[in-house]
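The chain that follows stands alone, in the form predicted on its own, written as structure tokens.
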Amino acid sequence: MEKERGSFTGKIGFVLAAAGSAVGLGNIWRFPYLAAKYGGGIFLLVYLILAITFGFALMTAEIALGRKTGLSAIGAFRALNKKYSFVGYLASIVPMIILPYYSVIGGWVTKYLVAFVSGQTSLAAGDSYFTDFIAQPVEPVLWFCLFIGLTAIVVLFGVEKGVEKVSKIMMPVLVVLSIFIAGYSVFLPGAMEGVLYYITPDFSKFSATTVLAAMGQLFYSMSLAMGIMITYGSYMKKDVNLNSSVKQIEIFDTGIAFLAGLMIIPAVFVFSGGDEAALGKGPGLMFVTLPKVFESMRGGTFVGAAFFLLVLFAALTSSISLMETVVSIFQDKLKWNRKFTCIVVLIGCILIGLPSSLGFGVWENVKIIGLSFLDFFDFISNSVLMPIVAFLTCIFVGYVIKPKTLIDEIKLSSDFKREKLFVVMIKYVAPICIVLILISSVLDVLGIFKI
């Protein structure tokens, strides 16, 4: 059964695949936007502190759960305590919700890459180019299907020949592109003001919302509470150093997020004359503001093409991990073969993703609690289900199976110098922080409290 299920060949394969999962659209556009909104350097400092405490504890717990049981989320929780198998089901729902709408955005990225590669820079920088594109009934759906199709092809080849092999190619290219574009951005005339804003902590801008926003980003960025790290942990061999693997995944993930800030914040500062509001939010930053920035640069067509190639790689590495997790769940539960499971998951994703794609055009008047389909799915998965799953995981590890169960698993392959920190974070600090994230996220959407 273990052979059939597949595994990573070793530590490098595991780290690159898991880091690829963590590095996605959240790193490239969401992190720079939040950093700009919450004081630049102070947000960066808070995020780094949380990554090596809060993020470290949750990621370690999830990977250890997967490796100990050799199962994806549903099976992992059930194997350790049948009463808590419902946590595995909740965790499994998250990637099933995220993958379809995430792939819709991946389709948008693919469209923009083709636009820059084919020299349509001025066209892509037009004020209405993005809104006109997503309002169309057919073209966005075709790009969405292309993106999800590419994802399915990689997953079809399995863990070692598909997920691991592609991650080993994409992740180094992604790092090189990030360094290149960040270097280009930093040396633009007048960019230093943006660089200093981004890397210099201003403690007068520190607030509770800064911490909550940084914690929320950590979930979004590090693929926590969605069964991915449990699934990838289940493919991890027992002799691979789990402790150092988590450190390296965090370095990759945080490093790319940091470089994304260097890519975007200085460039937008130059373009806008130092106006922080120009950093915009979400699609407004990546698909409206940045093409204008690239158009205004010398060699902007080339830099824009390189940037959207980088974003496409980041989006693909994450969508691959999401689909791999969903496929693994169905394989473990229903004992289907990989080929059939991939086809079923692909068809399901296209059907579920259609409302998110059409929700900006022919179905734009259809709202759920005042949100478009895509925004609603994003809210349910990221702001509601993920904090609930993370909270229940902390309770499960901290008080049901006890931290020692996972500490023993970690120590099979390495020392665990941060053992005490792990216990304190899982049992006390993380659960409180997660409840605060959940409450603030829900109130934010309801318009009662804005983050």
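In case it trips you up, residue 1 is the first one in the sequence shown, and so on. Fair warning: this is a prediction, and the values are worked out from it, not measured in the lab.
Omitted here: the form predicted in complex with a small molecule. The next part is about that form.
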(request) Scan V104, I264, M226, I249 and let me know which has any heavy atom within 4.5 Å of the small molecule in the predicted complex. (result) M226
(request) From the candidate stretches 74-82, 338-346, 159-167, 316-324, select the single one in contact with the small molecule in the predicted complex, where contact means a heavy atom within 4.5 Å. (result) 316-324
(request) Please state whether every one of the three residues I97, P100 and T151 places a non-hydrogen atom within 4.5 angstroms of the small molecule in the predicted complex. (result) no
(message) If we define contact as a non-hydrogen atom of the residue within 4.5 angstroms of the partner, is A22 a contact of the small molecule in the predicted complex?
(response) yes
(message) If we define contact as a non-hydrogen atom of the residue within 4.5 angstroms of the partner, is S92 a contact of the small molecule in the predicted complex?
(response) no
(request) Using a 4.5 Å heavy atom cut-off, state whether T60 contacts the small molecule in the predicted complex. (result) no
(request) Answer with yes or no whether G39 is in contact with the small molecule in the predicted complex, where contact means some heavy atom within 4.5 Å. (result) no
